[in-house]
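Read the single chain below, which is given as structure tokens and is the form predicted on its own.
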Amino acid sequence: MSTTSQKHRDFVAEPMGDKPVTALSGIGEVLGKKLEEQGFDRAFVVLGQYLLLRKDGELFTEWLKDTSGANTRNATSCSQCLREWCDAFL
């Protein structure tokens, strides 16, 4: 049985393009709105923050929790999603 969501698998399976922030695993409408209010309206903008933090999952998870109020589960899911996307496309 897979431990990732369908949303996660869909995101990691293709180039990011201009996907909204809510396309990221772990980011729903509420967290997406909070991120958008702070200028993180697209998945690639959140990816930029992940890269600025040198792909450090722990730092990114803490940043996401502080920025959006995400819980640990959602922040970790988003971090894992971005890590796998980077492994596939960078």
Partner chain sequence: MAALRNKSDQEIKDLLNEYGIKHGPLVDTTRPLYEKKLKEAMAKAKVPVTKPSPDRTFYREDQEEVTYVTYQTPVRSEGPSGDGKPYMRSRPEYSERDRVDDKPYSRSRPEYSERDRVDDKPYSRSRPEYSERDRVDDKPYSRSRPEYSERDRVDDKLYSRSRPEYSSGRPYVDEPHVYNTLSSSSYSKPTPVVKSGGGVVKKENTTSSGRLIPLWIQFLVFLILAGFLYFIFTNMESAESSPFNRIQ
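Residue numbers count along the first chain shown, from 1. Because the structure is predicted, anything quoted here is derived from the model rather than measured.
Only in words, not in the display: the form predicted together with its partner chain, which the text now covers.
Candidate site formed by F40, Q49 and W63: every one of these residues places a non-hydrogen atom within 4.5 angstroms of its partner chain in the predicted bound form. By the criterion of a heavy atom within 4.5 Å, L59 is counted among the residues contacting its partner chain in the predicted bound form. Although the partner is absent here, V30 sits far enough away that none of its heavy atoms falls within 4.5 Å of its partner chain in the predicted bound form.
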